[in-house]
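Only one chain is shown below, in structure tokens, and it's the form predicted on its own.
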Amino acid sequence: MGEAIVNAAEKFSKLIEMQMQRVEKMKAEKDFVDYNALDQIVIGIAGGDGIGPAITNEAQRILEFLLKEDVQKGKVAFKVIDGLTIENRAKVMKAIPDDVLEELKQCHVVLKGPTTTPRAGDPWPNIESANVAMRKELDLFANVRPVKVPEEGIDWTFFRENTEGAYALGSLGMHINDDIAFDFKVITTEGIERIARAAFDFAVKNGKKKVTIVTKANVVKTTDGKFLNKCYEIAKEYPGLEVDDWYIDIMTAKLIDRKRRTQFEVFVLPNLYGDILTDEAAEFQGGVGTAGSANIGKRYAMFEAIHGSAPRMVEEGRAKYADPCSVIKAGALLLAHLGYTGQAQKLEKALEICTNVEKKLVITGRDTGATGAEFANYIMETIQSMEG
């Protein structure tokens, strides 16, 4: 028993040292990149696994269509990154192969398809999630997910902390012995401050009146308590905002409370709770297959669909019928992030027309419906008609 404790203490001390080094890096961070000052903006397209390459290809076609003038001028360039696959990752036993990571770092923003995360029973080795690794490697600390259902009075924006919490050390837990296993949750002052300010700044800039902090601080007193207290401390810098807090369990219930849910606007919350709550929220607008997600850092940004890679569709030869709307919505978030506000609004409006108003084409995931390419063409034709 003594040896097990000594070994665990040694491993834990190394984890603490690693987190202290990360904190120092955060303290040395520069300001957000100014895209207007760049000679060229490089947009990476990483298809990922399963249906990912098929749907990201359609989103890329739409982005190239909307950015045609700046592409021709050389202000915008697209870089296709093929290597972010489970096969490549398993081969080198890394969440992101080194050469792929270098390609990603050559881009300013990345549009990413779904990537497979191995689980028990899968034929793949137990490597870390590519998403989690990318967020850490590129320091994408803010996961921003909007959910809008106007007819239900829902207009939510979630700011999920992306690099800490229960996921930060997800692959570095330890089995003390056959009876005891430990995982770790880490929260830092710097990590809380930057996600909280991102949420409060967004609220102020976008005319929102309320920010809601979500934790389980009544039970997870140290880490969640720190998150809650620090958010309230920073909230004092934004006296015009109403700030309240809810515990994650009751918050999941209140999202389905028709009277209460319309009162929420902006949420700020740690990693795991944000993962859970944003998937629930996405169901209100049609499910996770309809939702896009932004992962924002000061130097890099990544935009993605939040659904899985659907390997069965590929096995059955149905990848071309996969719905690209989620990654197209992520493309709209990418455009807005780069400052192409008009193009982003056109794309969002066209998506609304094509999916909820006209519905001239319907995607079923099979040959009973449209292909992703046909639907992407429909969106571009709709944009053209709006402009005409």
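The structure displayed is predicted, hence computed values, not measured ones. The numbering used is simple: start at 1 and walk along the sequence shown.
Just so you know, the form predicted in complex with a small molecule exists too; it's not on screen, but the next bit is about it.
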Worksheet entry | Option touching the small molecule, based on a heavy atom within 4.5 Å in the predicted bound form, out of 275, 265, 193, 139 | 275
Worksheet item: Exactly one of 188, 157, 309, 131 has a non-hydrogen atom within 4.5 Å of the small molecule in the predicted bound form; which residue is it?
Response: 131
Worksheet item: Using a 4.5 Å heavy atom cut-off, are 65, 79 and 108 all in contact with the small molecule in the predicted bound form?
Response: no
Worksheet item: Looking at the partner-bound form in the predicted bound form, is residue 117 within 4.5 Å of the small molecule by any heavy atom?
Response: yes
Item to complete: Decide whether residue 135 counts as a contact residue for the small molecule in the predicted bound form under a heavy atom distance cut-off of 4.5 Å.
Response: yes
Discussion item. Can you work out whether residue 300 and the small molecule are in contact in the predicted bound form, taking contact to mean some heavy atom pair no more than 4.5 Å apart?
Written reply: no
Worksheet item: Can residue 230 be called a contact residue for the small molecule in the predicted bound form at 4.5 Å between heavy atoms?
Response: no
Response to the item:
The stretch from 160-168, 314-322, 195-203, 173-181 that lies within 4.5 Å of the small molecule in the predicted bound form, judged by heavy atoms, is 160-168
